[in-house]
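Here's a solo chain for you in structure tokens, the form predicted on its own.
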Amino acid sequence: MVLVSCGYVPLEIPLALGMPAKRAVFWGPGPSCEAYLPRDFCSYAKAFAREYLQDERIAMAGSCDAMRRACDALRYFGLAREVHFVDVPRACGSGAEAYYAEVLREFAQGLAGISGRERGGVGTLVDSVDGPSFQRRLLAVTRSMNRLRSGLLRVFELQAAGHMSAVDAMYLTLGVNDALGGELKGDLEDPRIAAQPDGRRGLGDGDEAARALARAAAVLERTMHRADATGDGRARDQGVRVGVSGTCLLEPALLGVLEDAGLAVAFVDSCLGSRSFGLEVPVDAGPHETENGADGARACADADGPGGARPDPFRVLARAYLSKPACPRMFAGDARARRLWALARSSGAQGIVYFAPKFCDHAYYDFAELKGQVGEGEGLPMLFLEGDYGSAISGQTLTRVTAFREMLEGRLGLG
């Protein structure tokens, strides 16, 4: 399994190589983290400093200095069997796309070497990362990921409309993420799902990644069915609406505090929210796609691009991921502020709650910019919350959130 540290690293690449992959989500720093990194250190980056299982590979993005140092610690202390550094650009544009395409190609080549070694050097799923078999698989995986992202975006749209709680929506997202990594928990661990045929996805090799994609789709479909069966399809009463933003919001705890305090979450602008699920990687299905997608995948992989050149799938991925809604790590000018204000207006949010892991430099700079443009410039109240990643939300946080709700009610004449 491949654990990635950042939403800008495409899961499509390891999955196309037959390796289950997911976004790394930890429930707080491990007990040994303090032995490898300083105490006053970004708590999310520090959470990576732990010992991993033999089958776990780490893909660390160059998101910030803290992540670079965490990557160095993993390599120096030998905490993981394989550590790949993925140097994600901080801007989009033709130059950044070309550079990132080569970074992704090298990442794929490194993982392909692992895949070959695990199979004893024979029977690999791809001939090379630039060959037709890999491109066919990459296209099929990309289609599956597009469907998953679209489904999860729909989940958060239903949540914003009051058809399910923000906590439930986030737990569903985490369940799909775990399934992509080859994990299922509780009664979702169903042998029928694990053995589900994947030929309709255009993979057909029966590898772990193909089964992981099938399980992820099953988790999404089953949970949505349960929501309808239990009555969660009915809209809930709406309280004062707030949007949630920050650097990496990867756990439901804060959303639970907001809802417990009587706030309705209008949108979640995070790595496991609208910033990632609004992404669709463009793929050309080809003129002869069949039901299982295999022929369409072959047609796209073999089709000539402009000028007779075959489209570079790594360039396509690079362009799509770098162009998705920017997070605080990107040099996006005032695009983030404009987007956050547009989200607030379209969703009816009356305030913004911004959460930052302690010692996150990106968050501090980002919030100052957003407060100036959205908070002061547009008059939208903003609450800044800071805490350790993965730790329990304190009573002080609940007190501040409650005071924020009362202030918003006063502004709206609801008190």
Partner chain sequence: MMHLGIPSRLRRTARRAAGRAARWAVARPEVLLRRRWAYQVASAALPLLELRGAKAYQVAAIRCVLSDFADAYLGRRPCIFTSAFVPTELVYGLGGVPFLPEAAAGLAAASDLAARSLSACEALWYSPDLCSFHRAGLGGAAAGLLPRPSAVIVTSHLCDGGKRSLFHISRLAGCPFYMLGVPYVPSDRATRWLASQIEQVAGDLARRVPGLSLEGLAQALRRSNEALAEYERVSALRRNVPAPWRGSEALNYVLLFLWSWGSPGLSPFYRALRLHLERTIAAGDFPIREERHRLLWLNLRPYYDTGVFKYLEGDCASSVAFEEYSFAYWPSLDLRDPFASLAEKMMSNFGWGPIERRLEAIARLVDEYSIDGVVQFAQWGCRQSNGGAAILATELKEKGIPFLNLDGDGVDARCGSEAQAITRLGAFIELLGARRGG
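Positions refer to the first chain, counted from 1. Since this is a predicted model, take the numbers as computed values, not measurements.
This next part talks about the form predicted together with its partner chain, which is not shown.
*Specify the contacting stretch among 214 to 222, 100 to 108, 156 to 164, 129 to 137, defined as having any heavy atom within 4.5 Å of its partner chain in the predicted bound form.*
Stretch 100 to 108 is the one.
*From the list Ser347, Ser43, Gln350, Gln373, which entry has a heavy atom within 4.5 Å of its partner chain in the predicted bound form?*
For this set of options, the contacting one is Gln373.
*Does any heavy atom of Tyr36 come within 4.5 Å of a heavy atom of its partner chain in the predicted bound form?*
Contact with its partner chain, yes.
*Given that the partner is absent here, does Glu280 sit within 4.5 Å of its partner chain in the predicted bound form, heavy atoms only?*
Taking the distances in the predicted bound form, the answer for Glu280 is no, it never comes within 4.5 Å of its partner chain.
*Does its partner chain get within 4.5 angstroms of any non-hydrogen atom of Glu56 in the predicted bound form?*
Glu56: no, not in contact with its partner chain in the predicted bound form.
*Does its partner chain get within 4.5 angstroms of any non-hydrogen atom of Phe367 in the predicted bound form?*
Yes - in the predicted bound form, heavy atoms of Phe367 and its partner chain come within 4.5 Å of each other.
*Can you tell me which residues in 333 to 371 come within 4.5 angstroms of its partner chain in the predicted bound form, by heavy atoms?*
Gly333, Asp334, Ala337, Arg338, Trp341, Lys358, Phe359, Asp361, His362, Tyr364, Tyr365, Phe367, Ala368, Glu369, Lys371, in sequence order.
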